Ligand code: PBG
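Shown next as structure tokens: one chain only, the form predicted alone.
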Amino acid sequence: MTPSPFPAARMRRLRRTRALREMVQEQGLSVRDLIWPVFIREGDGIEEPIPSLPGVSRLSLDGLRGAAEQAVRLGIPAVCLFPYTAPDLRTETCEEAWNPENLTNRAIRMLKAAYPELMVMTDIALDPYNANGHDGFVVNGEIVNDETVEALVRMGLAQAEAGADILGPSDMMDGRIGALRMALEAEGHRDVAILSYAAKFASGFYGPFRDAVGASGRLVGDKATYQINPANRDEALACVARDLAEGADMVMVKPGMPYLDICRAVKDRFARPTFAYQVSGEYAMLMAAAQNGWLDGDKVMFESLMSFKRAGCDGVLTYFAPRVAAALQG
């Protein structure tokens, strides 16, 4: 609809006061929209800052318990766990990934016992456990698909058995959602949700995350044979359609801000729960600029998160989660 011509239509009328602006605001941001990614490591009493992620640390399990308490207090509905695996446990066969007693599975059990109302999401990919730094098995220089899927299913089942509420396959192997869904059904984990990293691009924005999980120095080659070409919109939508058909309950676009057009297209075409990951590089850019006084940190934090809502996202994984939740409460 075309507005009436000036002066019958003065668009500034509804911007005149804060009350008017809030009354006609089209989108809102709630603490219930947030998933908080948390990095964990072995040890006790450890809070290890990650230099490339200002304000973010790797936490030992006692520190994770404190973070979970903070999440519950702030009303954040879910945390997502990412492990820093000891170097001696990183192998080409990745068997630590499905060890029932690995760091992630112990963390899941601890969190669900202490804070059953807090949803626990996990990451399903082999890179934290892989001597090669890849999300899948490497055989003669090739990241092999079907053998990797079998390993990912074992990993997902171990996480479901530990009590995870949401599984997040982030590997981008073909067929892994269907295989995982069928295995969950067969093993009685029918209520475990899958939030698929359905449109994950071969992006340059992942660097600080790889530092955080200890994969940066180990990665041999790149991930372009399994992550999506950043130029390919139609391929991304085809991947989303496939994952939903195979049994994903929710889908994710990753990274977030450079791919808002994909978020909008996914929500419009599929009308299913759609999430974005405001990835480490996005967060690090905003934090670095704010720390240098080049940007208003709080303002760009909220503005960036609102962009996801405007693009159709139902929620966002963001390292800003505790900060923005506190501000929303404040």
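Everything numeric here is computed off the predicted structure, so don't read it as measured data. Numbering starts at 1 and runs along the sequence shown.
Same protein, other form: the form predicted in complex with the ligand, not shown, and the subject of what follows.
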item: Non-hydrogen atom within 4.5 angstroms of the ligand in the predicted bound form for each of S196, T274 and C313; value: no
item: Heavy atom contact within 4.5 Å of the ligand in the predicted bound form, the stretch among 173 to 181, 159 to 167, 198 to 206, 105 to 113; value: 198 to 206
item: Of R218, R242, K223, R233, the one that lies within 4.5 Å of the ligand in the predicted bound form (heavy atoms); value: K223
item: Any non-hydrogen atom of V56 within 4.5 angstroms of the ligand in the predicted bound form; value: no
item: Contact of Q227 with the ligand in the predicted bound form (heavy atom, 4.5 Å); value: yes
item: Contact of W98 with the ligand in the predicted bound form (heavy atom, 4.5 Å); value: no
item: In the predicted bound form, H189 touching the ligand (heavy atom, 4.5 Å); value: no
item: Within 267 to 287, the residues that have a heavy atom no more than 4.5 Å from the ligand in the predicted bound form; value: Y277, V279, S280
